[in-house]
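Below you will find one chain, with nothing else, as structure tokens; this is the form predicted alone, and questions on how it binds or moves follow later.
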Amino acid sequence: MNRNLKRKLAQYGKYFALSIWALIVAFPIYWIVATSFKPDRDWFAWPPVYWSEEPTLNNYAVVWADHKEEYEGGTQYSHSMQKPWKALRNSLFISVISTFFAVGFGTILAYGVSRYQILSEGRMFQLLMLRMVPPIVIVAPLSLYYSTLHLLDTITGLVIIYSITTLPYSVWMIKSFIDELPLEIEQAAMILGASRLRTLWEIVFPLVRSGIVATFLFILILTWSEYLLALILSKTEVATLPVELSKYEGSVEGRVYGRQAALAVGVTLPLIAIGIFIRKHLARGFSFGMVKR
């Protein structure tokens, strides 16, 4: 067996393994979408119904429009106690604002660490270890503090805790992008008369913009899908979409998998839209620094 044949077989083997892995990853997404179009009789069917013979939009109508639900024995009005639109507004506002704060402060700290070593390697590791602490460890005392400060069940409270818990990721990721930026570029700009602030605004930040955008989307996904802190630190006023999603399988709503899937599709669509919109920056950001100087 010659070398070219071995190379082709190895390449085909990689493609086959990646294809199998892509199917494994994509199947849960397909199942959620398919379930969102199933009538209630197909939710618990055995053998499983992979695609309903009579797909319906009724689950979306009930979840997102509080529409009346049709049954074979007549008509029954289904007034869901959930408020998906309010949860959607809360999730959008909380995740976007907290991500802006985390990335904004993280960019400033990352530049200071990269260029001036304001934090040693040990301190940086300790900063990252703060994020490794399980949320369940801090959520109980935090809820007591929030109750005393009147931050419980408020948007401000969730924005603060999300910004703090995602700041270590922001610093570490953006620092890696700034480290790959040659220091000579900044020195040349300052020799030509640019101030430090102008150098940062017109030279450094535009060059690492793709990395900042990639960091922004990564942290946005973390805050958008966070469940435990939102569950404990919110009650009724600022319920987020992950908390709202969990309520479709419990004592209030029952096991309504079709509605839950319809809401899950709505939860994932904004992230997909944002990813498509900034895909060019993501491609550059995730490949930044792969070519060494």
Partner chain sequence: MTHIELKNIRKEFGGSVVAVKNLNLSIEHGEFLVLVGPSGCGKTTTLRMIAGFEDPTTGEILVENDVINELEPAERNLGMVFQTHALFPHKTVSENIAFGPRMKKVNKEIINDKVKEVAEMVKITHLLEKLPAQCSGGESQRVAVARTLITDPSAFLLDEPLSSLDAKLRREMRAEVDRLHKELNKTFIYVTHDQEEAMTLADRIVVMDEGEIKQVGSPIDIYNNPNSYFVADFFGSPSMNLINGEIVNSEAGKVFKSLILNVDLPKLFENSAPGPVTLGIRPEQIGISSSGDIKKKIYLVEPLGKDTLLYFETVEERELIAIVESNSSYRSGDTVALNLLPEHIFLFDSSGKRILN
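Positions refer to the first chain, counted from 1. This one's a predicted model, so the numbers in the text were calculated from it and none came from an experiment.
This next part talks about the form predicted in complex with the partner chain, which is not shown.
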**Asked** For R89, is any heavy atom within 4.5 Å of the partner chain in the model of the complex, or not?
**Response** no
**Prompt:** Does the 4.5 Å heavy atom contact test between A188 and the partner chain in the model of the complex come out positive?
**Reply:** yes
**Prompt:** Does the partner chain get within 4.5 angstroms of any non-hydrogen atom of V96 in the model of the complex?
**Reply:** no
**Message:** With the partner left out here, check for me: in the model of the complex, does some heavy atom of V213 sit within 4.5 Å of the partner chain?
**Reply:** no
**Request:** For the three residues G193, E202 and L207, verify that every one has a non-hydrogen atom within 4.5 Å of the partner chain in the model of the complex; reply yes or no.
**Result:** yes
